[in-house]
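Here's a solo chain for you in structure tokens, the form predicted alone.
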Amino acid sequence: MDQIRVDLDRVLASIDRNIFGGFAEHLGRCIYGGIYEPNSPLSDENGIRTDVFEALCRLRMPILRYPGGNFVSGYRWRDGVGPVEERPARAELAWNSVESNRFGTNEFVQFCRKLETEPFLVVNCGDGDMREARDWVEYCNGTQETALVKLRRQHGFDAPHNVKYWGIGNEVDGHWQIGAKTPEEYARAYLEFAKVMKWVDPTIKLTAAVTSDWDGDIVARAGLLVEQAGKLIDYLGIHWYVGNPTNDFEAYMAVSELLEDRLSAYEGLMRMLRLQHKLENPIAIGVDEWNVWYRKRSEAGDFSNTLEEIYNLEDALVVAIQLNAFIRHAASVRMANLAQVVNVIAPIFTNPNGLFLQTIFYPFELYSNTCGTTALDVFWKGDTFSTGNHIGVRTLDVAATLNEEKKQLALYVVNRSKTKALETAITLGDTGGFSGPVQVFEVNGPDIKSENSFDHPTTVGVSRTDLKVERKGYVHTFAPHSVTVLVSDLA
């Protein structure tokens, strides 16, 4: 029998709810035809799709990154403010499209405030300059009687937007990026952008775009950034996407080992750099783009498929595995942004008549709505599997959180076996006890390739049961290919 043991005194770190963030880019049908569709009978008076808005409310994303992504490296924020009919349409090179600019800064901030999420704006550090970046901060957050503040008021927004989170550039280490930069070039650019942006508003939090090319010069980039601008960095932004292009289920489930390696390596690197440069300010990790993405990748210059990935059950398991990694690394990972939110590699998929929720929607919703305030160090052992370079990978992938105010424990378990149910003894340490029944939420479907669609929207979904337990422990059997969340009140 497998074993999971939770000691309430073995605390890893507090959890920042920003790990449940999202990302919306001007790409394909994410904004136009997803979030924003003014001529749709499903939209409100501001052109926001109400069905999409209601689905996003269920995810409780505390922060939303915008407007890109590759898109931002050629974006002019001034094109997207002011009277809509006067906004210029521009050739958009990142995704080979035409950008109408009908949806821009003010529409996005309004959307975020209604959604009760913090806007996270990324400035153009591709073909843009620092004056444009600092002007955007002033337009959004300024309070003095300046031309930019008057312009915002002229556009109908007397009060400042108070945008707290800003990123400087996107994937500047990638050859695919407009204005890609060497480590030396970006460290210098980041320093100068950050200086003037924080001079405009010292309260903002800044993310440096450090790694998206995992075969690139990772150490040099991080080292030069911290050396030159360490005191101006709040988050080091890293991106990753994972997938199953070889159709090897076991290898796909072992992606947890890669994620552990990446996060642990960055934690060690940052500890060394902060020590070397005598930095007192913390520098967190922000995984500000992450998801499953491999089916709808485009050839260079061809973006006709607009990245509309359809997800299956095994993808939902891997989304949960990534969330487990963020919880286990809560001390360093203080932000993460699921890319993206609608239609484009996203948990929500629309057509003109409605939407369906993709398989990956359900683990994200469960985690976001049940996650506690503190990450716990969990002991677990039992069944293992081996694949490729990985031997003895634990079949159950586990994380746990504690909500001290509610006195509630949430246990997150992914059974990575395709066929085997795993009976597991779940116990508490010397302190605390279970009180009342455990709420059991399970994401599952008929098989690992199960998908949702407009015709079959509930093939993969969530079931809920209650389980009576003893004070110190209980036994639960985790179904094959499942994500299970066990929520327990504590005595």
Ligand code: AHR
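What you see is a predicted model; the values in this text were computed from it and never measured. When you see a residue number, it is the position in the sequence shown, counting from 1.
The same protein also exists as the form predicted together with alpha-L-arabinofuranose (AHR); that form is not shown, yet it is the one meant from here on.
Undergrad: Is there a non-hydrogen atom of Trp176 within 4.5 angstroms of a non-hydrogen atom of alpha-L-arabinofuranose (AHR) in the predicted bound form?
TA: Yes - in the predicted bound form, heavy atoms of Trp176 and alpha-L-arabinofuranose (AHR) come within 4.5 Å of each other.
Undergrad: Verify the contact flag for Asn70: yes if a non-hydrogen atom of it lies within 4.5 Å of a non-hydrogen atom of alpha-L-arabinofuranose (AHR) in the predicted bound form, no if not.
TA: Although alpha-L-arabinofuranose (AHR) is absent here, Asn70 would touch it in the predicted bound form, with heavy atoms inside 4.5 Å.
Undergrad: Wondering, does His239 line up within 4.5 Å of alpha-L-arabinofuranose (AHR) in the predicted bound form on heavy atoms?
TA: It does: once alpha-L-arabinofuranose (AHR) is placed as it appears in the predicted bound form, His239 has a heavy atom within 4.5 Å of it.
Undergrad: Although the partner isn't part of this model, could you tell me whether Ile345 comes within 4.5 Å of alpha-L-arabinofuranose (AHR) in the predicted bound form, counting any heavy atom of the residue?
TA: Taking the distances in the predicted bound form, the answer for Ile345 is yes, it comes within 4.5 Å of alpha-L-arabinofuranose (AHR).
Undergrad: Can you work out which of Glu99, Asp397, Glu138, Glu171 has a heavy atom no more than 4.5 Å from alpha-L-arabinofuranose (AHR) in the predicted bound form?
TA: Here the answer is residue option Glu171.
Undergrad: Which listed residue (Phe157, Phe385, Trp380, Trp293) meets the criterion of a heavy atom within 4.5 Å of alpha-L-arabinofuranose (AHR) in the predicted bound form?
TA: Residue within 4.5 Å of the partner: Trp293.
Undergrad: Looking at alpha-L-arabinofuranose (AHR) in the predicted bound form, do all three of Trp95, Glu289 and Gln340 come within 4.5 Å of it through at least one heavy atom?
TA: Verified in the predicted bound form; spot residues all in contact, yes.
Undergrad: Of the listed stretches (39-47, 24-32, 459-467, 53-61), which one has a non-hydrogen atom within 4.5 Å of alpha-L-arabinofuranose (AHR) in the predicted bound form?
TA: Single hit among the candidates: 24-32.
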